[in-house]
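Just the one chain here, the form predicted alone, laid out as structure tokens.
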């Protein structure tokens, strides 16, 4: 297996280009460390976005259309329609400064302190932090590790749903990379209706799928639309986390208003350049995104084969979406402090597994890492080689 086997032609950046003072990812650790932790990509910005931002700078940086940008609204509605979010009402779209504030706002608006909030684990850490940080209790259900990959524990979800008012759903799922199937979504919808749950569906990674066919939003089914808030944004698909923006979507305009109002002025608003960026991404970014997904798919396949050949003790299910791999090293040396070991001995920085679980479930995620493979094939290969050498030496 060579580094370039089945690799699409795609522009990537060198470590020297990436390690600039403005990059948290590339400066948090030492200059000899390859960072594969935080979720941004080591790729150049889409030319269409750069061009639009340059043009916007000429127009000045005063207040943009804070009452609602009609251009962005129309582009968003067209994209969301392909996800099954059709016929959104006036007031069914509310802008956010990012997706995470929308998660916190849903917990604040739809639950009371002391109440339980349902979610799965492991999960993107703002899910459980938005619950515990606002005085609520996490009702967490661990995903099942099956021969076919990570699956939902339906009996566990049924039991945990009792006495809750809100379910936080990550779709596609971060960190396991699952894209919930139509049948799984239908069972989750049945659960929400049966237990009269509000649902916050985080669909931030929807455009980074390796599965066939269109994406199916949780709220694509009419019977859950009045109880669902969907949040999404461009920062993962278009690698623009430094231009914070997101959106809250719902078929019930009053529910959207209620959730958005929970944060009030504490949340702030989206920036002018962020609006311009998202407009350009939706209007002209399709070819760039398609090339990016092709490159990521090739990296995912390379990672899968490398681990199979060179690190057979490592367990990994190829992700169906995202550029984040949930990697099980519990059968490897130093499983009890694997993130620290890889940082110190391999000079590779990963996200530690326990980050993605609430307190009582952290022991179940020890020995896991989340690995960001959105980088050049050369950097990915070097990081994996460092891991292999360090783990082999520790045997």
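Positions refer to the first chain, counted from 1. Note that the structure is a prediction, hence the values are computed from the model and not measured.
Just so it is clear, the following notes concern the form predicted in complex with a small molecule, a form of the same protein that is not shown.
Proximity to the small molecule in the predicted complex, defined as a heavy atom within 4.5 Å, singles out one entry of 188, 140, 108, 170, which is 170. In terms of contact with the small molecule in the predicted complex, the residue from 245, 72, 166, 85 that brings a heavy atom within 4.5 Å is 245. Heavy atoms within 4.5 Å of the small molecule in the predicted complex map, among the stretches 267 to 275, 148 to 156, 94 to 102, 221 to 229, onto 94 to 102 alone.
For a residue to qualify, one of its non-hydrogen atoms must sit within 4.5 Å of the small molecule in the predicted complex; all three of 124, 174 and 205 qualify. Contact between residue 39 and the small molecule in the predicted complex is found at the 4.5 Å heavy atom cutoff. In the predicted complex, the small molecule sits within 4.5 Å of a heavy atom belonging to residue 235.
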